[in-house]
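Just one chain follows, in the form predicted alone, and it is written as structure tokens.
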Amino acid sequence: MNSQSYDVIVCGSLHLDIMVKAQHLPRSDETAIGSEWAYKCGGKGRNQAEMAARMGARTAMIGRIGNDDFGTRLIESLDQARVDRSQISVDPTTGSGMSVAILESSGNYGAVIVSGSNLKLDPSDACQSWQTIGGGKLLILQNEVPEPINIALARLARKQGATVILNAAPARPMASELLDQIDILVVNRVEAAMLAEIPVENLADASKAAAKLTGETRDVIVTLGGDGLLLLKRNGSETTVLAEKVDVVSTHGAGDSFIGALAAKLASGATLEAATRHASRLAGYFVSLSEAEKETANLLLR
């Protein structure tokens, strides 16, 4: 097997997002009034694969869709992003994953996902897909597919010399069997707080959480949105990166843009510190764009 076939391989979720604009997220028992809506192809896995490809990395994706219109739209989006989607399988009985995301006028958002066919991906099939497409330098995983898939694929990829990045989103308990196979763990303040079992509100808290989450073979990045991020390497060295000062238009997809840019930069040979700073700058630029601008911006210039 040629482990250099791809720069980045993503195994994860594909969702068709229904984007709704509203003044605020609805409270319990409230019917909020929206101003417009649109389809957007998403899922953390798909978003991260697209971003890695847009940043110049040779990228492939492993995942599962339903035999429906949503699945067709998702496949077309990967083709447009020039992501190899040959290992996206089709489930004959379960619909494609989807979500409803509400964008507030402030730029913040909330979402509900229905995972659908993403939960039907099989660990052995995912590993076979990795072998079929020839492996890669980096593997990106998230928590929107069942954990046995992440464990099996992380173990295989690492055995074959790939760097494994886990974006532990959405937050859920994770087995040490998985964490032991991870080279770079990326968490936001919510995920860090849950996994480290301490409050995480600022960089000082992030440092404490990262100390509990790092390991002899695992680096940890804790992202704090507008408050910056903290990188704690396995050798104990700590780096803080302040967030870019920008006018926030929409935070939707910021985390996925960070992961995709991080992986692409690492695949190009950058150090983890340099890749982290680059990804932070890119994410800062990304949140300053409208949803339409995010689709068309030339990110290679950032």
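From a predicted model like this one, the values you see are computed outputs, not experimental measurements. Position 1 is the first residue in the sequence shown; the rest follow in order.
What comes next is about the form predicted in complex with alpha-D-ribofuranose (RIB), which does not appear here.
In terms of contact with alpha-D-ribofuranose (RIB) in the predicted bound form, the residue from I88, I133, C127, I113 that brings a heavy atom within 4.5 Å is I113. Here is the short version: of S99, T94, T163, N143, the single residue with a heavy atom within 4.5 Å of alpha-D-ribofuranose (RIB) in the predicted bound form is S99. Screening 57-65, 245-253, 270-278, 28-36 for residues having heavy atoms within 4.5 Å of alpha-D-ribofuranose (RIB) in the predicted bound form returns a single hit, 245-253. Although the partner is absent here, G43 sits close enough that one of its heavy atoms falls within 4.5 Å of alpha-D-ribofuranose (RIB) in the predicted bound form. Contacts to alpha-D-ribofuranose (RIB) in the predicted bound form (heavy atom within 4.5 Å) from stretch 5-25: H15, D17.
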